[in-house]
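Given next are two forms of a protein chain, the same chain in both, each as structure tokens and marked structure 1 or structure 2.
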Structure 1
Amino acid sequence: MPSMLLISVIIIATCGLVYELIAGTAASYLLGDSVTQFSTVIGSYLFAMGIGSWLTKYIHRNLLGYFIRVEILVGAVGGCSAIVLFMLFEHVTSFRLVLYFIVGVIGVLVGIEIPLLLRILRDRFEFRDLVSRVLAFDYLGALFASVLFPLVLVPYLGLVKSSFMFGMLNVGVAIWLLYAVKEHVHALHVHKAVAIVTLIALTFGFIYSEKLMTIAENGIYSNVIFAESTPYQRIVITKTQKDLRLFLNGNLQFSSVDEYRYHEALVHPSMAALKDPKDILIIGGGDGLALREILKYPSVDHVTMVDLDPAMTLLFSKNELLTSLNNDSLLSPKLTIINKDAFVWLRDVSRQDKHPVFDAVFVDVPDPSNYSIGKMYSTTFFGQLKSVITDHSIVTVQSTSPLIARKTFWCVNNTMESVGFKTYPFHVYVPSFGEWGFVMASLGNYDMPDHFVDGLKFLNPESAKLMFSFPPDMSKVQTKIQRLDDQALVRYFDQEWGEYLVY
């Protein structure tokens, strides 16, 4: 029995850390600001573990029975944690209370495990040997979980399947012990029945996790036709009779009803102002909609698209509904797709002796809701961007709403100015988003084009001029500069959009 209990330490340590990582990841998906979510989840989890350890002093007998009950409970709660969080997100007024309650319960139960094991094994090993063995196995399990989670669990199973699987492992430890040391457990048949029922329930959850996730997402979205978890994000596509919508991590990216307003505004003010633009860089834009607009210019020879998630570019190049929307742009022979982190790619390219130079650059990445995206709006990123353009090139950056998130918008503008760009901010009304902003920038001067390509639905010289005028409630304000070591932009975004969504 002692060796079995020591082996179980690795399993329970792995399970405990996986539950913590799942809660932190789910919180960052649903609430944004990954640094804040992981920091608060980890802190709450460790505090709860301390409470659990303290509570073990009140357990005086039947230690093995208590340990088995804890394994069943932590397996049940931890195993169901991810799907419960996703299902309740849109249906509770204070989601954070639910999140920290679940984290707290799991933390208390995990905190009970190791002290109980130490007491169960204290008569079988010398104290010094016992502590070193148990803690060594505990830390080994933590290492295993920390490597397994990003490399295997999130890419290949997703959060919901992973939580069910590790819940099954926790309950499996309980069942293993029930059959191995049955003479030491009171009410053996009751424990076995509860453990087996729990294991069956978790197994069904694992098998039907996609259906459960679909039910959860139907509570958030209407008419889901596609959903996939990738190593980088949750992709959801919905469709009604007239409207196709893309959501990434719960945030609307476009509506087919009015996306042309966004993408025409993003692309044509700069492309029409350039003389025969040939080499174009798109950062983000994996849906191919900005590319669709760029390919309307016959002078374009080559487009480089750097988008992190290969699942996005594959989906929008294969699915017939989506390719009809982007006019098969991702299949263009003029396109080269690079599925890498654009921040790292740009850094590497800018350091090369011979690197590409682009006539136009479009930064079409999600809003700076967390620090991993915030780096794409930093002085470091914009400074590196200067090395791949000329004095006549034009850069356009999607920059969230200047009405709802005024400081956020002008922080992007001010950050680009701080690294030497001349900026030309503008905005457009997109019904699905509301008032939306862009920052166009160049190392030289920008002249408004007096004509655009044929066939545009929204943009013409008159409507383009209006976009560059800001009323008082959206006019320029002073802000901090977005730097890698002090991401003020993310804080502005979280504050301004947080207040709007609460309202």
Structure 2
Amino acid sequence: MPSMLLISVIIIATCGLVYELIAGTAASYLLGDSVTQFSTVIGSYLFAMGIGSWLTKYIHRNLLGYFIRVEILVGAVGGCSAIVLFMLFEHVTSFRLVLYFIVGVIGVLVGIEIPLLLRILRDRFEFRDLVSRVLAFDYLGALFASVLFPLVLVPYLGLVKSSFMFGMLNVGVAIWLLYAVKEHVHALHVHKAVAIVTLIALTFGFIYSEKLMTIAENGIYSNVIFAESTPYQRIVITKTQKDLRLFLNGNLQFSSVDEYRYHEALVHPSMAALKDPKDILIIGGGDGLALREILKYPSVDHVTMVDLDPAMTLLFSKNELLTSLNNDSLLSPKLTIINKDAFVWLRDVSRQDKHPVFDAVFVDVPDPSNYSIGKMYSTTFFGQLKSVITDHSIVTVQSTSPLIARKTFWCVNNTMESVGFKTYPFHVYVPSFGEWGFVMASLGNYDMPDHFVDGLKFLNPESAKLMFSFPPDMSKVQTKIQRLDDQALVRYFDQEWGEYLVY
């Protein structure tokens, strides 16, 4: 028995350090700034351990019983710590409070373990021997954990599974003691039952950690009122008070509070400049918000919307919250929705002898964050677009943030120029996104309109003029050209947004 207890020292020492590392890693992932996170987590953890050790002086009798209860508790709290942290992130106002509370609780409990164990074993070893052995095993466990964590646990199990697994180990120690030790433990059966239930719960957590993670992810969008995974993307809509937000694959598409700025800027600079625009093409834009703006022009006869995902266009033509936002634009008799891949559709259409020609084109597709979407910003795509427009038509392309991703933005501009467009880039401030950019382009000349349709909240001739001026920190830069065989744009995007997001 004594030697087994010593082995359990290694286990609990490993567990203890693993929880600390998990908390530190999770905090760095969620909050960034890993140096700060790790030092504060380690600091508070050690401090809490001190409190735990100090508390043991108040334990007088029934040492083994206390030890077992501590093991079950550490297992439960430590085991669930990672998933709880992930789940509560963004749900609670002060995530740090939760973080340090959990770290504190685990620290206190782990702090109790060793002093208690020393006292339990006091009579079985000579004191000199005892201290040297227990502490040696304790440090050995720590070494084991610190090697195991980066090399095995994080790469192969991930944080959530690892924490459940070590929780199971802690509880396992408790169960083993309950069965192996002949000494009297008060309310033995209750202890056994609690320990086994905890073990089962942790095992479930371990097995279903995937599902739990999905729930945790959903939690990150504050109030999800709609979520659907289509073959093409994950659509999530959240609502808090007045703010309705659409996320596609986790990326914010609009916030109802300020989307008017984005959509007015996308649509009106071109539409107002055109003389009686009749045929309009929207690529993407399945939320119907750009369309809402387009339909403000009575001259428009027909709008073709090519959006890949039928689930999007259906959702935004049915759901009342959403249709009140887009004014039922998707139900307009002037609209034809084509749920096809835009590039494939465009190529097919332009090959037909008699194909439509558009006065205005709006390309409102996701940022070029990967090689698949990057194709829609390529010379080939823009070249193809030229075959469905006239010399007077105007094309407007949403082009990410010229402030955060300056090269990316200008790469879109330069790519369009390289296939023969004259470009008229502009930018607008949208609070939920930041500074946002568009590239407007035409085969002919563009003259700024001197008036806009009534009822706009943001655009007027003065505010429009400001959009076309780029201060030095976003002014034009030379870039490579985005080609299908060499997607410079995707690499710019990756680099620039990557640097911005890693803080």
Partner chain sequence: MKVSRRSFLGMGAALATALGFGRFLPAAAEQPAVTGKILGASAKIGHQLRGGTFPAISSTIQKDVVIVGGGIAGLGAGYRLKKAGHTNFALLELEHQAGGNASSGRNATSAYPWGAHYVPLLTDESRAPKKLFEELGIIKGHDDKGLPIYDEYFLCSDPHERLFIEGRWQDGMVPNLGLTEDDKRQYSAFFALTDSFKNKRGRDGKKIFAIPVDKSSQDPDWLKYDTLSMKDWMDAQGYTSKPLRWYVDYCCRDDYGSSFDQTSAWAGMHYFAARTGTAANAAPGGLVTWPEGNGFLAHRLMEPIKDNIIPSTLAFRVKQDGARVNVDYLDQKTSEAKRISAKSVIVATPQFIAARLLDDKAIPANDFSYAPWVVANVTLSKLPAGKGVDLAWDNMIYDSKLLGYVVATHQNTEMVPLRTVLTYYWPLNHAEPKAARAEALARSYEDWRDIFLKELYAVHPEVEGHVENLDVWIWGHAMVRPTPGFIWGAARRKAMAQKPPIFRAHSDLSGISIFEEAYTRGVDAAERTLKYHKIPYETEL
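All values reported here derive from a predicted model rather than from experimental measurement. Rigid core: the largest C-alpha set superposing within 1.5 Å between the two forms. Residue 1 is the first residue of structure 1, and the numbers go on in sequence order from there.
Self-check item: Matching structure (the form predicted together with the partner chain), either 1 or 2
Solution: Only structure 2 fits here, because that chain is the form predicted together with the partner chain.
Quiz item: By the 2 angstroms cut-off, has the C-alpha of Phe470 moved between structures 1 and 2 once the rigid core is superposed?
Solution: After core superposition, the displacement of the Phe470 C-alpha between structures 1 and 2 stays below 2 Å, so no.
Quiz item: If you line up the core, does Asp341 shift 2 angstroms or more at its C-alpha between structures 1 and 2?
Solution: No; that C-alpha moves by less than 2 Å between structures 1 and 2.
Quiz item: Quick one: core overlaid, is Trp436 moving 2 Å or more at the Cα between structures 1 and 2?
Solution: No; that C-alpha moves by less than 2 Å between structures 1 and 2.
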